[in-house]
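Only one chain is included here, represented as structure tokens and corresponding to the form predicted alone.
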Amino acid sequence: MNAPFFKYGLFGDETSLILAFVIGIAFGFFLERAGFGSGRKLAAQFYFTDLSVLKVMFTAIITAMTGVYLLARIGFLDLSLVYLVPTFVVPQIVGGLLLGVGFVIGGYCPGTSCVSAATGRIDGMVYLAGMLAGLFGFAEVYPSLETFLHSTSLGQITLPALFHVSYGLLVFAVVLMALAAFAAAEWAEKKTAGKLPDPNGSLTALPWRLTPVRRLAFGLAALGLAAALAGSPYRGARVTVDTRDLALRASHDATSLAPATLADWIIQGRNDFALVDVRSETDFASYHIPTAQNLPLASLNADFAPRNQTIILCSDDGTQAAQAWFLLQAQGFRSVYLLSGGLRAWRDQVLFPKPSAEAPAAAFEKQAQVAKYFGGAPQTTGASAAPAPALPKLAPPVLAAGPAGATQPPPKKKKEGC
């Protein structure tokens, strides 16, 4: 079993929402038990009288960082499939400053305000109401701020990639920085609030015996040092292929999807699959199936879609799509299908269908409606000698009108991020 579990298809969207709900409740429960539902306790860190929040956050950061690094290093976690939030330098600095000012004034961050409101604190409820009002207000002015919010973009980048340093070295540096921050926090609390450190829960208090807190600090420092000496946590581009298993899957009829079935899915507005056109950008711009995205063969990397995503591949005659199928199968994707016959079959069976003596008239009438929906036209029996019809123009109104009961496909769901 490999992680991230969602990307490898261990569970789907519904289960992930349930897990997120349960984890969120647990997170809120432990925040409240730690006293972080109190605005006084949270704001005290800005006056250096109680720096519990700083200690807890740094502990969480270095625990998660060392854990993720080592899990990735031993091959359990594939870091290339973990979503990275894009970096927009100036907008995120401005947003961070606004969050900090709000934190000092209100005494809460967004998460702790929800915890406080859930426990019945009036100040938490007021803060939460203000946060929601701010969200709605931001949505109203977003169009005028969009250019600024997407400025100074660095894309999905990490500090090691930006500064060309070792991932493990950065982990070790953050661990040392956290331990220094713990010691500085104890000193600040003693100076500003006269708070004497607990000998059993302090890094700096005398006597110097090996308390549980110091054992944890030494353990994290040792893990950080191990990370500094290890290699990159990211997996290489090379994959291991079970050729026998791959050959068995390739010979199975279930690896293809009929053009008529795909047309029905698009008309129904289904968004639980990704239609990928692996042709060149020029061919894609000339004509493509509605809702398709263009990803030429060379750009099909392992993180372009979740591992449990249903993917349908198409090309002109199916050759390039078959190559992409083998590539994605080798990278661990399992729900990958080929458009049977490629775009040529789509043209003949969906855009310009011809009546058949074996098929009933009602079936051809449905084909005719589907063809008109996609901008094509049914062909008469005498049209066999005529030149092939031109492909329909790509225009949004093509999907606006269709068979009775058809609805325009909704926009693709945002897969990740917040």
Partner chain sequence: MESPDRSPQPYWNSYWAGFGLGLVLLASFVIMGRGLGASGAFTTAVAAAAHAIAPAHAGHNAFYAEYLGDGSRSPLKDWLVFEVLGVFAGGFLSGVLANRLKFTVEKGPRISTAPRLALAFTGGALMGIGAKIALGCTSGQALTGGALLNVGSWAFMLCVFAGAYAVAYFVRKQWT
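Numbering follows the first chain given and starts at 1. Just so we're clear, the structure is a prediction, and the values are computed from it rather than from any experiment.
What follows is about the form predicted in complex with the partner chain, which we do not show.
Shown here without its partner, the chain carries F273, V336 and P378, none of which come within 4.5 Å of the partner chain in the model of the complex through any heavy atom. For Q367, no non-hydrogen atom is located within 4.5 Å of the partner chain in the model of the complex, even though that partner is not displayed.
For F352, no non-hydrogen atom is located within 4.5 Å of the partner chain in the model of the complex, even though that partner is not displayed. At a distance threshold of 4.5 angstroms between non-hydrogen atoms, L99 is in contact with the partner chain in the model of the complex.
In the model of the complex, the partner chain lies within 4.5 Å of some heavy atom of D123. Checked against the partner chain in the model of the complex, the residues S153, Q268, T119, N294 give one hit for a heavy atom within 4.5 Å, which is T119. Checked against the partner chain in the model of the complex, the residues P212, G231, G75, P207 give one hit for a heavy atom within 4.5 Å, which is P212. None of 282-290, 336-344, 315-323, 144-152 except one has non-hydrogen atoms within 4.5 angstroms of the partner chain in the model of the complex; the exception is 144-152.
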